[in-house]
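The form predicted alone is given below as one chain in structure tokens.
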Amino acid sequence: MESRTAVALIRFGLGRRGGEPLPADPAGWLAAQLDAADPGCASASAAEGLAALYADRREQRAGGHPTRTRDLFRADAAAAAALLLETPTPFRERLVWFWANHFTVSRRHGGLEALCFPFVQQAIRPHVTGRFSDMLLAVARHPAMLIYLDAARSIGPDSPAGLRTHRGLNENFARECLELHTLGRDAGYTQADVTAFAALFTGWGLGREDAAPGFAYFPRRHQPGAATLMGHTWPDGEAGGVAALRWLGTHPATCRRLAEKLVRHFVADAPPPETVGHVASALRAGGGDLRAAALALLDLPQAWQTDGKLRTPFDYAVAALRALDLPAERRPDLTAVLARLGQPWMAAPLPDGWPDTAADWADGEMLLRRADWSSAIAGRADGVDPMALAQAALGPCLGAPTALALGRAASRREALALLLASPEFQRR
């Protein structure tokens, strides 16, 4: 395996799956995945998730023990894990989970357990090679985000509903959308801009329980009148919020922020300015074209160097399970594995998602958890040759000290555990 092949599989992909064929043209293999049909994931829909949530609430009020949302989450997680471990388009799948982390929703928020995976399936997955503004709009309208950042609770104080109930704006979604999803906190917007932006989204909410649950617009909750955001005036009604989102989705500051996050994820914890500029230029030129941004990453010489980044627990667990390529019945529950490794699935503590730098994952306890799990999972891998696996999974990234340690291990299981805990396997 040559170095560019290893980088394509490990850094841009999710790790080589067992002994899958090596791509003859690593960059071409990655680029082709951007045009491949997305196999999708057999998760529930947002309507099914909301129906489960409403049913559990009724069950709880009646003194029962609701389980529908929990059961739906488990089924969706199993389907998502199977796709991660078996996908023939790992670069595309990595992009799905990159953008899902950018637009974090978390099951730590009550009521979201049954909506997290439908959010990825419906708001993220269809747009990973499309326009960022389309993804942004899908995210803003999805029930998971409407609940997570409280947009569904926001009411215009001067709207008919606001005057009747004396309720007002909730600015959570507006603030996080400007700071985390689009412009970034250094883009020059003010608190007045946050308030105006929040007013634009009043009326965006969820349909009634007894109807088909999902996004609905309620004109009587909307703050009347135009709103001015960063010097631009947006019209009254639902159309004003849509227009503002599309403007933010192609703003130069948004392109710069997205480029920095992409380069940090794929290239280096401290993104070199010239690499960020290259990806940002591709985004601006393409009107927020995420396919163009992904291709721009492949143009960066720095992205093809083998001194990779530290894998997050998510990256590490997925790569290890793909390398071992266990039969489905022998695989562990990925949700339980991620909880054990310190990055519980769909449960980021804050709206800015999980961090993406070594400093956040390299403390002693985190690495010890990986070593302990590597020993446990090695016990499931009957008949796997550790040295052959090392060559297949790491290729030229396998260092001589690790190869020597594998050869000296007292047992096959110990050798496998050493491989999965090795410095080389910790990086991508």
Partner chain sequence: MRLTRRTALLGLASAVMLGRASLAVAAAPTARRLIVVLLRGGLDGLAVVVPRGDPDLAGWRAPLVPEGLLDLGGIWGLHPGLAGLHGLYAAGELLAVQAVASPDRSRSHFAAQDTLELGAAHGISSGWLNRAAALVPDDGPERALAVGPAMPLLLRGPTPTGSWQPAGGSPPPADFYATLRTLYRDDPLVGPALARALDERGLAAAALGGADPAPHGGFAALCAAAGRLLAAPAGARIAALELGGWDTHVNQPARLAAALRPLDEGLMALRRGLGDTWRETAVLVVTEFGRTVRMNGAHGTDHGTATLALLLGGNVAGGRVSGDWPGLRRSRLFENRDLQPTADVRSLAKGVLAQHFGLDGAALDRVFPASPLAPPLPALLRG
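Positions refer to the first chain, counted from 1. Here the structure is a predicted model, which is why all the values come from computation and not from measurement.
Not on display, but discussed next: the form predicted in complex with its partner chain.
Of the candidate stretches 49-57, 64-72, 26-34, 362-370, only 362-370 has residues whose heavy atoms lie within 4.5 Å of its partner chain in the predicted complex. A358 is the sole member of A358, A187, L326, L137 with a non-hydrogen atom lying within 4.5 angstroms of its partner chain in the predicted complex. Contact between P386 and its partner chain in the predicted complex is found at the 4.5 Å heavy atom cutoff. Within this chain, A100 is remote from the site of its partner chain in the predicted complex, having no heavy atom within 4.5 Å. At least one heavy atom of L310 is located within 4.5 Å of its partner chain in the predicted complex.
Put simply, G40 is far from its partner chain in the predicted complex: not one heavy atom of it is within 4.5 Å. For the stretch 275-300, the set of residues having any non-hydrogen atom within 4.5 angstroms of its partner chain in the predicted complex is empty.
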